[in-house]
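Okay, so here's just one chain, in structure tokens, the form predicted on its own.
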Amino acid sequence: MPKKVDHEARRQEISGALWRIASTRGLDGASLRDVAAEAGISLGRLQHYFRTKDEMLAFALRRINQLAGDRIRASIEAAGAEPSPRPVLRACLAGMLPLDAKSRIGTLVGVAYFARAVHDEQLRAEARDGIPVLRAFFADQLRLAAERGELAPSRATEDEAMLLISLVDGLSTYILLDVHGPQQALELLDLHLANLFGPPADGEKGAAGDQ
């Protein structure tokens, strides 16, 4: 009887090979053949799961985002049953930064994907899809903070939410370029949140999990 193949597991194994290449030499010149060699499979077998490099990058990016989301949710849950908006936002924003080896690889894969998306409408549309959802979630947290008297109502807007996303994008880029390290990026993030919310209450900054 033929052995049943777990296709999702195989795709994840191939993604793992892609991540290893990203962490050591980058993805700019990496081909499907390079990834197949890193995964220990033939090019034909890899193309059974991913016909193109773009398909592989898209899957890898979705997988990385899923894992990052899992880490962020665990961090928020560790804060208790109903954490206030500020630590929720900090956990989300810190979880989007490349603060360790795994999250750095995720950012590198994202950079490779976005560089290709600039010249490909289908990839660009997929890259854009998650931004309105994230912006709306952040805006909801800001509005909740305003309702609780923790934030000026004038700052509880989707524009402010977009500034938070843009801040993390910029901090991530400068971590990759060694303009600053992960710890300084966190300090800058906390400085911005302090300007937005005021000084944190005792223990509030770490309530959603310091990185």
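If you're wondering where the values come from, they're calculated on a predicted model, not measured in any experiment. Note that residue numbering begins at 1 and tracks the sequence as displayed.
Separately, the form predicted together with a further copy of the same chain exists; it is not shown, and the next lines address it.
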item: Candidate site G26, L108 and E121: all three near a further copy of the same chain in the model of the complex by heavy atom within 4.5 Å; value: yes
item: E147 within 4.5 Å of a further copy of the same chain in the model of the complex, heavy atoms; value: no
item: Non-hydrogen atom contact I131 with a further copy of the same chain in the model of the complex at 4.5 angstroms; value: yes
item: G170: touches a further copy of the same chain in the model of the complex, heavy atom cutoff 4.5 angstroms; value: yes
item: Touches a further copy of the same chain in the model of the complex: H180 (any heavy atom, 4.5 Å); value: yes
item: Sole residue of A127, L99, A139, V88 within 4.5 Å of a further copy of the same chain in the model of the complex, by heavy atom; value: A127
item: Contact assignment for a further copy of the same chain in the model of the complex, among R62, R33, H48, K53, heavy atom within 4.5 Å; value: K53
item: Contact stretch among 162-170, 65-73, 39-47, 139-147 - heavy atom within 4.5 Å of a further copy of the same chain in the model of the complex; value: 162-170
